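One chain is shown next in structure tokens, namely the form predicted alone.
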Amino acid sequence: MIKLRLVILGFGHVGQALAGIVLDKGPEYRRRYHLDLEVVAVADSSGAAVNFSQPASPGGSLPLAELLERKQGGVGVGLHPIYGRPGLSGEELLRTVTAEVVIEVSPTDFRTGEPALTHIRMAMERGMHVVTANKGPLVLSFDEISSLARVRSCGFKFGGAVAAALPTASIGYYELAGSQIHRLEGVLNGTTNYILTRMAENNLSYDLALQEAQSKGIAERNPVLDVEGWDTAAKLLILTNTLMGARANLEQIKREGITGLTRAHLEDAQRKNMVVKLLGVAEWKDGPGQGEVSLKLQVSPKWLSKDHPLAGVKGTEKGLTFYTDLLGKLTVIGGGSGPIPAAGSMIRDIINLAREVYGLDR
């Protein structure tokens, strides 16, 4: 039996969903994988809940069910009467806690990458593996983090940051090994795809489709990162730098969101037997007349023919098409959106990390 002690930094919807999965499916993972996942510390804006006692009790050294119930009632983990440490920051927590894996799901900041970037650095400096769904540090400092992981012999998994439930990075990294990926096309944001699907299939205006998405919890109250294409651009950038050998930044991506689309645009596409998708495209291209290689990066609404491999991506689904030199064209479609699929993608990363680092054989 392999035991992994987990620290969860960020206890919003995804962090709570991950704790719930560990609580509910822990016995299954012990039986199925011989893997014991134990949450020893959790941090949010109120502080941290941490159990320093050793050995920890079976099934988790923190009372996860109680922490989740209190959190859903509006009480932060730092205010727990026994394990709470009010005001204790994630950075301070990492200086004192002992664990194998840090789960970084604090709020994303594309400008600074903080506090997640500091959390990841500190965890690796202390020899802890990192699993993250946080795009900010990957957009700003992917090379640095990857290098630090190698130097410190730390596992580093980030599938939850690039289309979450859809296994995009892992397919490109493992299944397309040995091939050059010369083009990526992706429907990478479930919120915008839901809005466009509802506009096309139910004749809704953009505003009504957005309101519906917000009422269902699909869109944030402030949806700017999704509808203006920032989320798609960040995911595209991470995939490009990870899988295509590029060293690009967000400023290089030509970005246009969906806020300017109307029902007339969708109706025009339907008359032409086409669909409209917010598409992220990365492509290596030869320069004009010189044989130079340049990188094209773009996020914008695209009119796709019905036979395009991504035309059938509907609702909150996502999709990605790889164009390669040796293995041809490969498309992956599907995956749920929301906290549980996002947390599930991180559980997948934890299990695969255990396979690679600790020799988990199932």
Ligand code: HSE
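Numbering starts at 1 and runs along the sequence shown. Keep in mind that what you see is a predicted model, and the values were worked out from it rather than measured. Think of the rigid core as the biggest set of C-alphas that the two forms share within 1.5 Å after superposition.
There is another form of this protein, the form predicted together with the named molecule, and it is not shown here; the text below is about that form.
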{"item": "Candidate stretches 226 to 234, 84 to 92, 256 to 264, 119 to 127 - the one whose heavy atoms come within 4.5 Å of the named molecule in the predicted complex", "value": "226 to 234"}
{"item": "Candidate from Val276, Ile218, Met244, Leu176 lying within 4.5 Å of the named molecule in the predicted complex - any heavy atom", "value": "Ile218"}
{"item": "Proximity to the named molecule in the predicted complex, single hit among Gly159, Gly136, Gly190, Gly172 (heavy atom within 4.5 Å)", "value": "Gly190"}
{"item": "Residues from 305 to 328 in contact with the named molecule (non-hydrogen atom within 4.5 Å) in the predicted complex", "value": "Lys318"}
{"item": "C-alpha of Asn222 moved at least 2 Å between this form and the one not shown on rigid core", "value": "yes"}
